[in-house]
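Listed next as structure tokens is one chain, alone, in the form predicted alone.
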Amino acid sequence: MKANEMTSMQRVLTTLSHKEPDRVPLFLLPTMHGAKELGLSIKDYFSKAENVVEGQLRLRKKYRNDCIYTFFYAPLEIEAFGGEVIYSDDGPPNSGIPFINAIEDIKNLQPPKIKETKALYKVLQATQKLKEAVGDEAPIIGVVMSPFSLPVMQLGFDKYLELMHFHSDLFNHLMQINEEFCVDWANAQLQAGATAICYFDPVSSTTIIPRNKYLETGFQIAKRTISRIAGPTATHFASGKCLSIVDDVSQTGTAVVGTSSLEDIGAMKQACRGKLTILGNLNGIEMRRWSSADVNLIVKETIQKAAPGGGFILSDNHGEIPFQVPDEALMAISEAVHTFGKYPISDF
């Protein structure tokens, strides 16, 4: 390490305190790219904790990343409830047919027991091994699906909207079950060695529901849930818009907000200044086609708008980089951050 160069943990903690570290922290979040590194199929890669550990360590070294990311795939929690996971050769695993067939079935739903559930236990094993490998040099980011967003996979979107609008008693019952599970799952990851928890809550995004509905539902649920998670959290809307609810999100107890590429990062910085650290907002879909010149232009502009004063971590806008994004693009992003992200930020 060079003189005056911070560790990844020091860099992140400094920017979270809304001060300027040595450079902008980089959170590249390639979950499936570890399979490429190990020469495995996506399904085989996620079959063992050891594979994900090796994949994450290799990717961090390769891209000079400032975090370790223990996210396996979105329907992991559905798998824990007994639902179906469908694997793809070139994309993220997805949930299959919703396991709650009828809204009335919610009455009999039971949350999984964390350490007795194979799918969840694999993540805890990976977290533990990654903590042993990196110690306190870099943050380890665990992941939970919010109690409010998980029902899209539990029920399907159509039934969930029906539940939300027309069956308040069963909606509240499902939220109670999901909240207990979410808190237990988050705290188990923290106990295993995670530094912080990413609270994925796309249904709360104003892309999906209006602010007044969010204040009645996702906002209240986030406040209750996050208050019981025994560590820091980052709230991510998985590409959804959130600029108009930033003040509300800051009241949930979260420290970081994942921001959409659909919103101006400068406006987000103004709205979040001193209240929330911004995580984002590179477009993962467009990233597939970026040249090195594109990367330099986009990364420089993003850093100039959002980095001054700290409170900014460069990342993608979704929380999972598509499998089709080439290594060349990811390497170019890393190079650009290490070149243009040094504080004080210059006008290039």
Partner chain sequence: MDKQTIHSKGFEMALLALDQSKAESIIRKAVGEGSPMDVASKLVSDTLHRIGEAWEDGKLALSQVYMSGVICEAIIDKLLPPASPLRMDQPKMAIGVFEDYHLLGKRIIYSTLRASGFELMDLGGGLKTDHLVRIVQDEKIKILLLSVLMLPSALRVKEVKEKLADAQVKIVVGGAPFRLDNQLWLEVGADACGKDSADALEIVTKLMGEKV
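Numbering follows the first chain given and starts at 1. Just so it is clear, the structure is predicted and the values come from calculations on it, not from any experiment.
The discussion below concerns the form predicted in complex with its partner chain, not included here.
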query: Answer option from 65, 56, 302, 317, heavy atom within 4.5 Å of its partner chain in the model of the complex; finding: 317
query: In the model of the complex, the one of 117, 128, 250, 206 near its partner chain [non-hydrogen atom within 4.5 angstroms]; finding: 206
query: Residue 43, heavy atom within 4.5 angstroms of its partner chain in the model of the complex; finding: no
query: Residue 95: touches its partner chain in the model of the complex, heavy atom cutoff 4.5 angstroms; finding: yes
query: Residue 109, heavy atom within 4.5 angstroms of its partner chain in the model of the complex; finding: no
query: 4.5 Å heavy atom contact, residue 322 and its partner chain in the model of the complex; finding: yes
query: Candidate stretches 175-183, 133-141, 162-170, 99-107, one within 4.5 Å of its partner chain in the model of the complex by heavy atom; finding: 162-170
query: Stretch 275-293 - residues with a heavy atom within 4.5 Å of its partner chain in the model of the complex; finding: 283, 285, 286, 288, 289
